[in-house]
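Just one chain follows, in the form predicted on its own, and it is written as structure tokens.
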């Protein structure tokens, strides 16, 4: 007995603009937090395919790169796709954001791409939501931080603060440090406009900010470690090491280390990768955020805790699908008619 072939509908293709992405995500921080946690749980349970990221580098532009993050997410959030994100730090000299990105969503049934979304905001959102989730879960067995410090004051720092505030965080003190005084002043202005609670202090020295903060957010464009002294962390803060290359390996070796994915994080000369090279071992890694979410490990209250997220493509896919479905629900999808033209196998 043969089974009749499954009917597959003709594919459509939509383009979702950055403005639409922002409207779809505006005020949705709590929902995105739940979504990001669900993705981490699916990934930890093996319901994903998340290959290594691929770096396109340029001999004539060594500070710049474009990264491809292919991924596939299973379970109830099923979607395949690719994020293609560039990092050109020199852009900031002319006021243009450092990063730009697109996200392609593919239909798991046919493999056809069905949407292209502007993705710098999606990428910033999943990064910020992941950081806020980690801050919450990693602080549950210790005194909840009341003093936050931001090292690096670009788009990612702004989004992380927004997601922290929208998921219940309040601070008595907010510290700010950036090598660019104009950027630091701009971030302070954002904090004041957003009615952020707590005293705001711009620190000229990174050491002063680190020593005066219980929750630290590193969101810089540093290519190599620039914070070297473990003594700065003697008060055992919780560190969201989002930019991955700020901390000297010795600081990590003196801390409890949580990553999003071990294989992804220990590559490309991240600080954890440098620590592995220095010691010849991965024993300094205490576990993953999934281990924390599922109670497999307990986060120490008497040590510095560093969360180093490499950034998983499955998070981009989940947030991208959320945005696509929200825009579709509103009846605002821009369908590109005739995008797929050769659809008859034999002409």
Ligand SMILES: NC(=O)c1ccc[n+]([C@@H]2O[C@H](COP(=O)([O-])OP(=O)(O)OC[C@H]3O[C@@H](n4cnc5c(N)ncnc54)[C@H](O)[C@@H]3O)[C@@H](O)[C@H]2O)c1
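Numbering follows the first chain given and starts at 1. All values reported here derive from a predicted model rather than from experimental measurement.
Omitted here: the form predicted in complex with this ligand. The next part is about that form.
Checking 167, 106, 92, 201 against this ligand in the predicted bound form, a heavy atom within 4.5 Å turns up for just one residue: 92. In terms of contact with this ligand in the predicted bound form, the residue from 82, 155, 262, 77 that brings a heavy atom within 4.5 Å is 155.
Stretch 123-131 is the contacting one of 109-117, 123-131, 191-199, 140-148, since its residues have non-hydrogen atoms within 4.5 Å of this ligand in the predicted bound form. None of the heavy atoms of residue 257 is located within 4.5 Å of this ligand in the predicted bound form. Mapping the unseen interface onto this chain, residue 247 falls outside it, with no heavy atom inside 4.5 Å of this ligand in the predicted bound form.
Contact check for residue 71: every heavy atom lies farther than 4.5 Å from this ligand in the predicted bound form.
Using a 4.5 Å cutoff between non-hydrogen atoms, residue 310 counts as a contact of this ligand in the predicted bound form. Contact check for 22, 102 and 163: none of the three has a heavy atom within 4.5 Å of this ligand in the predicted bound form. Residues are counted as partner-facing when one of their heavy atoms sits within 4.5 Å of this ligand in the predicted bound form; in 162-190 these are 177, 178, 179, 180, 183, in sequence order.
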